[in-house]
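Only one chain is given next, in structure tokens, and it is the form predicted alone.
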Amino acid sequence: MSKDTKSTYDDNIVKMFVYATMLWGTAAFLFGVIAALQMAIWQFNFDLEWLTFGRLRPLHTNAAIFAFAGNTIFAGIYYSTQRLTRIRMWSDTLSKIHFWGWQLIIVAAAITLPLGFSQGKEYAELEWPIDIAIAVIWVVFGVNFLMTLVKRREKHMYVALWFYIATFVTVAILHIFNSIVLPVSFLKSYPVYAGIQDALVQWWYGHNAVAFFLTTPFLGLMYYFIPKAVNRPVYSYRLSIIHFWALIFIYIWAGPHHLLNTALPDWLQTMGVVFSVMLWAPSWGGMINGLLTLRGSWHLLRTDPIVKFFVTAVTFYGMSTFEGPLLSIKSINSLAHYTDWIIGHVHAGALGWNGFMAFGLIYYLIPKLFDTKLYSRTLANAHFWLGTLGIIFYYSSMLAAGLTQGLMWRALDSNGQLVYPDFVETVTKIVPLYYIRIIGGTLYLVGFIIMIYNIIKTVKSSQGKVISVAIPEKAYFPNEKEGDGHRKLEGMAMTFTILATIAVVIGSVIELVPAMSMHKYVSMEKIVEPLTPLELAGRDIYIREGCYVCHSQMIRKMTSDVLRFGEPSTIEQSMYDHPFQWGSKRTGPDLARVGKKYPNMWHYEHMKNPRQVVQNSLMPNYSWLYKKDLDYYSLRKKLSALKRLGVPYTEQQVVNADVYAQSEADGVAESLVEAGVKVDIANKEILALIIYLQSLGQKGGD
């Protein structure tokens, strides 16, 4: 490669994404520690509307996934793509638009989520204007990346580029189809999908957001940076081919495993289980390929902190991709789902796999980009051990908490009755484990701060800049013949992209087409009534406050669920829910049939101070609901939008939505005054939330 070629690489964009990774990583981990504190000590919600767990948790997950991991991905892709194609990125302008556009999206999320503007769908909470911005910026990135491949000087595309291609294509498909909504106002919309349709589409998206945003791009980074770090070719070219095609084809089918034992049709649940278990093979194939690349270089594990981070990351990838299919087995899922075991599983992958890959990448890149040595290997090693210890504390505490929850929930005595009928008892039992999680998260954050200090000192010590020479691709696969099968495909970027798209579309179509015809599973005798205008207002408040992150609305067919919460939920009961509210965690009890279980006054006191009615509750206070006035006038637009989406509201209900809501609110307020409330609560938001909670399980569908 000529000197002139080397000088054309754009590494300023790489530096910018690295700096953004460190900035947003600090925010994501700090929010995580605060959220962990809130789970153990309710006072850490500070009785502030914009800082409750229900609003902070989506901010934490979005910051961790799209801000921290996202900027890591882009830093690694921009660096490695230029070296693997042996040219500068196609457009500096598009690179800069991508960077600043992505950061503005993160800022928009950081503002809107604490303010309660949320679609109420996990990992897809952001409202429609931000969703459009994400799609636009993602396309900007994709065009720049694909055009770089088209103009490349290296004929064959190395395996890392395959994973980048799959990432771009699949994330675009996932985001666009899951984000189709009908706007009501600038920051309010309703998904076009409802109930079981929305559940299936959401977890097709949610599962594969993990697969194609937190897995495939990081595997691409693994295939590039581990061989570079140890200066050895990847272990097996043929295994990388099998790993890639099997992974992207199988992964997309596994989304239904998030909905096991629910109202989802059994054949879809079975499909999710089968394909999840099949994922063991390609996932572990990738792990083996990554680890065995170190053959002959194992001594670096003792001496090189970069290698320590990379190898530990791949090990966590192997652990997570073993546990994921395990948790997808129906009998095990019945124990683990809705518990903290799932939280531990997710964080082992995020902190161990994604986090450690990011740290190794940053430690590798900064000295290269600034032509200097790492300021302190001792600090890097300290970071490694603090991070590792933090993950161990975090995962082990959540595994223990999840097993405790699951076993207590399903424990039956000799008479077939619940041993622990009081749900809060299953919460207080695991609080000590929440303290251990706080310690683990804090250790991880401290290690990250040490890394930031180390990187700042490294940059300050630099005197110049160097661009690394790309290893010619033949050095990676020295034993392969130029003309063999897959090698020809590697020379055709657009054909490769089309085939990768087909591979992920097949599973998506087979999974989602039935979702669009779920009406055939609806029994006409069980049709439910839609929410009244005030109940709808209450449901929007419920979503705004993030209640869905702690409460499910799906009673499974298991004996313990039925004994605790009532008859199993049916498809019909959520058929008009835009979005669905089946939930994925039970920090609090299921609410599918909570309606009329308690009087209005109980809910009034519970939302004001949960400990007045549930001793030892960890739920925050919601004092602002008693001060904020209801927005009656938006209800006409909301009902009109839902009517267009198929909810059977009459024209009279739409036109007079505010009048009906006012009348309903007056009735609730009157009942509360009769029960002893002495303050003026007319037209306050708490009235809508109460009537929504009282409607749950009361609309028919049995």
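Note that this is a predicted model, so its numbers are computed, not measured. For every residue, the number given is its place in the sequence shown, counted from 1.
One more form of this protein should be noted, the form predicted together with heme C, which is absent from this view; the next part is about it.
Chemist: Given that the partner is absent here, state which listed stretch (82-90, 378-386, 604-612, 203-211) has heavy atoms within 4.5 Å of heme C in the predicted complex.
Modeler: Among the listed stretches, the partner-contacting one is 604-612.
Chemist: Would you kindly say which of Leu264, Met619, Leu361, Ala124 lies with a heavy atom within 4.5 Å of heme C in the predicted complex?
Modeler: Only one listed residue qualifies here, and that residue is Met619.
Chemist: Could you work out which of Pro568, Pro589, Gly285, Gly324 is the residue within 4.5 angstroms of heme C in the predicted complex, going by heavy atoms?
Modeler: It is Pro589.
Chemist: Quick one: does Gly54 come within 4.5 Å of heme C in the predicted complex, counting heavy atoms only?
Modeler: Answer yes; at least one heavy atom of Gly54 falls within 4.5 Å of heme C in the predicted complex.
Chemist: Does heme C come within 4.5 Å of any heavy atom of His156 in the predicted complex?
Modeler: No, His156 sits far enough from heme C in the predicted complex that none of its heavy atoms falls within 4.5 Å.
Chemist: Against heme C in the predicted complex, would Trp128 count as a contact residue? Criterion: heavy atoms within 4.5 Å.
Modeler: Trp128: no contact with heme C in the predicted complex.
Chemist: Is there any non-hydrogen atom of Ile691 lying within 4.5 Å of heme C in the predicted complex?
Modeler: Output for Ile691 is no: heavy atoms all beyond 4.5 Å of heme C.
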